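In the block that follows, a single chain appears as structure tokens, in the form predicted on its own.
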Amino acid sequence: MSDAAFREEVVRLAGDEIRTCIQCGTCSSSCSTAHLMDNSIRKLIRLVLEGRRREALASESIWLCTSCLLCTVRCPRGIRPKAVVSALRQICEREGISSRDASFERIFMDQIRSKGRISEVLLSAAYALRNPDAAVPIMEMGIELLSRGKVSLDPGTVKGMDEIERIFRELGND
């Protein structure tokens, strides 16, 4: 796919109004996860409009959007920045591009499948083992949360595990 075709696909998926973006940055200043992003939402829109496909699809920011829609509510041009992020995610998923933190998603889904819920302690421990760079901050936070009784070592299993298994089967995650 050429860079121009990429731009037109994102515009088709996210709405023609993104062509009117004035790069004011209201979307980025409204974003609660902007401090974690490698590219601000404003910059993602610019990358799309300039047809810079490789840079846009490589951005970790795509995976950090929480879908709170503050960017959309506050945009003075009526643009839906969240729709741009969703379009980029859709293209990434179609092309097999995933977040560098895909291991977190796998661990998360494995726990849901086995217990029907998440154990923050086990999730964090498993993630730290697969991502040693994240181990120290995770351990510091875990020790603090455990000492305050905010997390449990055994979250138990939810009722209705057969329903959870059915959902996984329907999603093709046997």
Partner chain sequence: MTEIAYYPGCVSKATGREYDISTRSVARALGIELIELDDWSCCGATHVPNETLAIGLAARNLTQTELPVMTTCSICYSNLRTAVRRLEDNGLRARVNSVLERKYKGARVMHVVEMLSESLRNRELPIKLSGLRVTPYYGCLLTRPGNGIDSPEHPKVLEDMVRMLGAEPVESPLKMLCCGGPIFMPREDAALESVYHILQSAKRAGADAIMVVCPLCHLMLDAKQGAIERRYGVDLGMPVLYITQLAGIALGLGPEELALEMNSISPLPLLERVYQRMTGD
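Positions refer to the first chain, counted from 1. Only the largest set of C-alpha atoms that superpose within 1.5 Å between the two forms is called the rigid core. Small disclaimer: the values here were computed from a predicted structure and weren't measured.
Keep in mind that the form predicted in complex with its partner chain is not shown, yet the notes after this line are about it.
Enquirer: Is Ile118 close to its partner chain in the predicted complex, meaning a heavy atom pair under 4.5 Å apart or at it?
Expert: Yes, contact at 4.5 Å.
Enquirer: With the partner left out here, check for me: in the predicted complex, does some heavy atom of Glu163 sit within 4.5 Å of its partner chain?
Expert: Result yes; Glu163 sits at the interface with its partner chain in the predicted complex.
Enquirer: So in the predicted complex, does any heavy atom of Glu144 sit within 4.5 Å of its partner chain?
Expert: Yes, Glu144 sits close enough to its partner chain in the predicted complex that at least one of its heavy atoms falls within 4.5 Å.
Enquirer: State yes or no: in the predicted complex, is some non-hydrogen atom of Glu60 no more than 4.5 angstroms from a non-hydrogen atom of its partner chain?
Expert: Yes, Glu60 lies within 4.5 Å of its partner chain in the predicted complex.
Enquirer: Given its partner chain in the predicted complex, answer whether the residues Gln90, Ile112 and Gly149 all have a heavy atom inside 4.5 Å of it.
Expert: The answer is yes: all three residues contact the partner (heavy atom, 4.5 Å cut-off).
Enquirer: What residues in 103-141 sit within 4.5 Å of its partner chain in the predicted complex, counting heavy atoms only?
Expert: Result: Phe104, Glu105, Phe108, Met109, Ile112, Gly116, Arg117, Ile118, Glu120, Ser124, Tyr127, Pro137, Ile138, Glu140, Met141.
Enquirer: At a 2 Å cut-off on C-alpha positions, does Arg166 qualify as shifted between this form and the one not shown after fitting the rigid core?
Expert: Yes: Arg166 shifts by at least 2 Å between this form and the one not shown.
Enquirer: After superposing the rigid core, is the C-alpha displacement of Leu49 2 Å or more between this form and the one not shown?
Expert: Moves: no, less than 2 Å.
Enquirer: Superposing on the rigid core, is the Cα displacement of Leu153 between this form and the one not shown 2 Å or more?
Expert: It does shift by 2 Å or more.
Enquirer: Based on a C-alpha change of 3 angstroms or more, tell me if Ser67 and Phe108 lie closer or farther in the predicted complex than in the shown form.
Expert: Closer, not farther.
Enquirer: Given a change of 3 Å or more, say if the Cα atoms of Lys82 and Phe108 sit closer or farther in the predicted complex than in this form.
Expert: They are closer; the C-alpha distance drops by 3 Å or more in the predicted complex.
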